[in-house]
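Here's a solo chain for you in structure tokens, the form predicted on its own.
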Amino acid sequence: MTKIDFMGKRKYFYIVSILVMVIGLISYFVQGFNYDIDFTGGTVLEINLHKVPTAQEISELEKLTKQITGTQTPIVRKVEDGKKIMINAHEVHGKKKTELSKQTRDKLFAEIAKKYNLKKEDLISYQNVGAVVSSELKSQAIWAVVIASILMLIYIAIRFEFRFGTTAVVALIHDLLIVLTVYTLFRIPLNSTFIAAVLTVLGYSINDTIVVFDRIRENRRIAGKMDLKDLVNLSMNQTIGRSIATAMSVIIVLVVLYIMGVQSIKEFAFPLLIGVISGTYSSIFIATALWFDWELSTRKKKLQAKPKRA
């Protein structure tokens, strides 16, 4: 068993998390999120190129789409065997983003068909996503995260105590902000798959946090009047090996999925990968540290409130 003074170093953990989130906040105000069509509305075109496009060709297709449609950040990605592509784009009218008109859609496909010598039937399908649908999806995504967090808070408060529940939910918000920081920083498209991945991450992270809290509660019952700092450090040293081993096994699987998987699998695996790393970090270094500071503050207040003997 390790003998690391986690609580003695907790300020460094706070600083690291705050720095990452500040970077994310700056990035958000500078460039915002790269919302996929699921959130902005627009049109999805599926085209059969009959060949696997290179990275250079994908970049050229994105430039062509931007030139014809006016989309600031069009998304072109390979699907299935790699010979088919999906293009996510929209038209901009003032501040409003709409699906592509038939004229714009036909013009875009005509240019791509000319470049790759395609026929009319190579435009496999197109789908319009209205702004109303995308707005509802945004609202539902936010509510999903809020409801999940509230239910977890209630469960942990009943299972353990209110302070455990509150700090666990704060750690979940920390994980969500870290994942969002990565997405805004690297301009990764935000789509409906991201929401499913985030909810999965929240479930994984809370499970990891509960393991540490359960050990603290168990040691507090056994150790009696052990110093709070020693109690928390002991509990964390007892569980860190299990937490890291579990995280590493999940990370290895996710890395393989990301490298070997098709585009839809990659879109799900990447936020999971970032979330599992952040969740493991927050469970060990943030949630427990926050609970320790809160518990320490409560004990000090109780001592100060006690009447002094004459």
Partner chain sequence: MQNKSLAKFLIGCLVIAFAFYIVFFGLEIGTASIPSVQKVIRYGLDLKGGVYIVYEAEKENPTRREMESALQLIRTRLDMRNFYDATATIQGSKRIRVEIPGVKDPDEAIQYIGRTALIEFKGPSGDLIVSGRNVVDAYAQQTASGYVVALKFDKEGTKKFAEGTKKYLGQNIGIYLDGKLISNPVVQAEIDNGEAVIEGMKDLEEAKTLAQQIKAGALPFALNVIESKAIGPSLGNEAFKSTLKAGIIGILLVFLFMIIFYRLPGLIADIALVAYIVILVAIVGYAKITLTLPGIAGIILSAGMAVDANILIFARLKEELRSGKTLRAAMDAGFRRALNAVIDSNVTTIIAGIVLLFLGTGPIKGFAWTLTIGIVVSFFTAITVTRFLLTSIINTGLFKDIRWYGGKKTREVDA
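Keep in mind that this is a model prediction, so the values were computed, not measured. Whichever C-alpha set is largest while still superposing within 1.5 Å between the two forms counts as the rigid core. Positions refer to the first chain, counted from 1.
If you look for the form predicted in complex with the partner chain, you will not find it shown, but the lines that follow are about it.
Among heavy atoms of residue 186, none comes within 4.5 Å of the partner chain in the predicted complex. Although the partner is absent here, residue 246 is a contact residue: one of its heavy atoms lies within 4.5 angstroms of the partner chain in the predicted complex. Contact check for residue 254: a heavy atom falls within 4.5 Å of the partner chain in the predicted complex.
Using a 4.5 Å cutoff between non-hydrogen atoms, residue 204 counts as a contact of the partner chain in the predicted complex. 262 is the sole member of 64, 26, 262, 58 with a non-hydrogen atom lying within 4.5 angstroms of the partner chain in the predicted complex. Site annotation in the predicted complex: the residue of 230, 111, 218, 122 reaching within 4.5 Å of the partner chain with a heavy atom is 218. Stretch-level contact check against the partner chain in the predicted complex with heavy atoms at 4.5 Å: of 147-155, 178-186, 69-77, 111-119, the positive one is 147-155. With contact defined as any non-hydrogen atom lying within 4.5 angstroms of the partner chain in the predicted complex, the contacting residues in 187-207 are 192, 193, 195, 196, 199, 200, 203, 204, 206, 207, given in sequence order. When the rigid core is held fixed, the Cα atom of residue 214 travels less than 2 angstroms between this form and the one not shown. Relative to the superposed core, residue 180 undergoes a Cα shift smaller than 2 Å between this form and the one not shown. With the core superposed, residue 124 shows a C-alpha displacement of at least 2 Å between this form and the one not shown.
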